[in-house]
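Form predicted alone, single chain, as structure tokens, below.
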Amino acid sequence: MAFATHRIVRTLTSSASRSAAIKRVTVIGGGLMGAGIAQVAATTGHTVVLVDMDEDILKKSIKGIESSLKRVVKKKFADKPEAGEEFVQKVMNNVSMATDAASVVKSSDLVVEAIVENLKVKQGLFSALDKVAPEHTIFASNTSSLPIADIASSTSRLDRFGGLHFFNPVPMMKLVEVIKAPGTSQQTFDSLMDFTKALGKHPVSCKDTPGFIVNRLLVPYMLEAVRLYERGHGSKEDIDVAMKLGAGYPMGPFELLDYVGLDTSKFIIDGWYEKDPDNPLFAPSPILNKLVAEGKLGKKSGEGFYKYK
């Protein structure tokens, strides 16, 4: 009994140490995703450094985080404006910005990368950081489509490398896909799960397979809607309405493609097709390719499948 009790205490202590381990977080990439991750981590008491090579982007991101927090305050502290101001200040004190990632990661427990979806660029970043980060530091990528193992291969810490796929907008979306690559240790995976829960998110466990769970189902669904349209079996407007009213989706597939970005969707499907050209679900779309070639990328460019003012 004493031995069993000792094992239980040791297990609980180990679990607690994992949870306590991630306190200092470095988020690399000052875009919407990076800023969102930084905001959520700072809100939950983590010390966060947001890193980007462009100082103007960083200033814009920090300003965006503060504006986002003020919107939260209007709802949560409607009757207590002073408490709301204190909340914003407390969170903002947890966030700092930097342009030199190498100097920052020397004191980080976790590095989360949220930069461009380019394998070589990600590998170059992590290869450089691997040389200066402490041994205990965990690396994680927010990639939505690239294999974690391929990114991790540029480092010497395969066991301390995993995936944390957040969803946009990060402060609002509860889901985080936690990816365990073949080399990821159980302790690292547990730490990433614990960290995600500490952020108030709902983690789901994923294998290191194309698109993980959400995008593996979502991207082929959107592309199949495009093929339906290409075959003349339905207008894009009717397909969108059908999926919203018939399946209960908040957005139709064409609206969602425009929201995600047609270039992003094309990049994902092209990558999967290259690896598995015999899978009909991954076949390229002529209409999607044409729109991207014309610079019609969706909402961000003002036109995609639909036009936006």
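Under this definition, the rigid core comprises the largest set of C-alpha atoms superposing within 1.5 Å between the forms. These figures come from a predicted structure and were not determined experimentally. Heads up: residue numbers just count along the shown sequence, starting at 1.
Quick note: we don't show the form predicted together with a small molecule, though the next part is all about it.
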### Query
Applying a 4.5 Å heavy atom distance criterion, does residue 260 contact the small molecule in the predicted bound form?
yes
### Query
Does the 4.5 Å heavy atom contact test between residue 116 and the small molecule in the predicted bound form come out positive?
yes
### Task
Give a yes or no for residue 264: in the predicted bound form, does one of its heavy atoms lie within 4.5 Å of a heavy atom belonging to the small molecule?
yes
### Query
If you check in the predicted bound form, is residue 38 within 4.5 Å of the small molecule, heavy atoms only?
no
### Task
Give a yes or no on whether each residue among 34, 122 and 300 has a heavy atom within 4.5 Å of the small molecule in the predicted bound form.
yes
### Query
Hey, of 138-146, 103-111, 183-191, 86-94, which bit sits against the small molecule in the predicted bound form at 4.5 Å between non-hydrogen atoms?
138-146
### Message
Once you overlay the rigid core, does the Cα of residue 263 travel 2 Å or further between the shown form and the other one?
### Response
yes
#### Entry: Core-aligned C-alpha movement of residue 222 between the shown form and the other one, 2 Å or more
yes
